[in-house]
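Only one chain is given next, in structure tokens, and it is the form predicted alone.
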């Protein structure tokens, strides 16, 4: 196993432990030193090579993604803008759904806190889709592709979510898709360079952006919400309300009076290609389809068995 494979294996193991509720692991300083040297070697521009996202098998297929530019080694960090203690008060104007959504979008795009946290040349992100949708898919925050296009779930995980929606018998435009956060959580970068990688939003960031999400729910008035991943579930159910995603997924909860189903984030399938992982998510979506009174064929019921 080469260095890159070792790093990927380590990352997968840490992610697995995180889903089980593990918050920290003891590491010797000598081990950290070796890890730093390995990361430096992997980040060296000369060693960077284009990679494509492996397609998943079965009904959930993710398209390949174009190679990303080689990440630059961090030598100087930026100062991150603070998060105000008080979340914004969002008062939607009267009017039809589209007019209210347009007003909310303008508020998000021009809000000083949202703008202060945007990377140069990037966009704040509001949800998209049918304003009369029955189902509201909710993630945690935009990523690199999303802050460029100004639309949620357009990267590899978003492409897979679109495929999942299609397997449910719907089109992307028939549901509503959004995130709790409206900007990509910042990470330290070299001045003038692009951010490499993503991090989970903090509790403070999620709490600040939650009124914007509530406003979207007020406009769309969906029958069901699907929380995608542990961070989104914590943002909706409350930080500390559960330990591991397995404690709350595949069961009905409630947010703002709307039934809420918690399932894995699509990126979970991109990391874990096993049939059992895909079946777990699909069973959650079958419950969503049943509650939304969507037709379910025997073929659909049998996926990934």
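What you see is a predicted model, and the numbers here were worked out from it, not measured in a lab. Positions refer to the first chain, counted from 1.
The protein also exists as the form predicted together with a small molecule; that form is not presented, and the subsequent description refers to it.
Only one of the listed residues (168, 219, 141, 114) places a non-hydrogen atom within 4.5 angstroms of the small molecule in the predicted bound form, and that residue is 141. Using a 4.5 Å cutoff between non-hydrogen atoms, residue 127 does not count as a contact of the small molecule in the predicted bound form.
Within 4.5 Å of any heavy atom of the small molecule in the predicted bound form lies no heavy atom of residue 205. In the predicted bound form, the small molecule lies farther than 4.5 Å from every heavy atom of residue 235. Although the partner is absent here, residue 153 sits close enough that one of its heavy atoms falls within 4.5 Å of the small molecule in the predicted bound form. Residues placing heavy atoms within 4.5 Å of the small molecule in the predicted bound form fall in a single listed stretch, namely 141 to 149, out of 103 to 111, 188 to 196, 89 to 97, 141 to 149.
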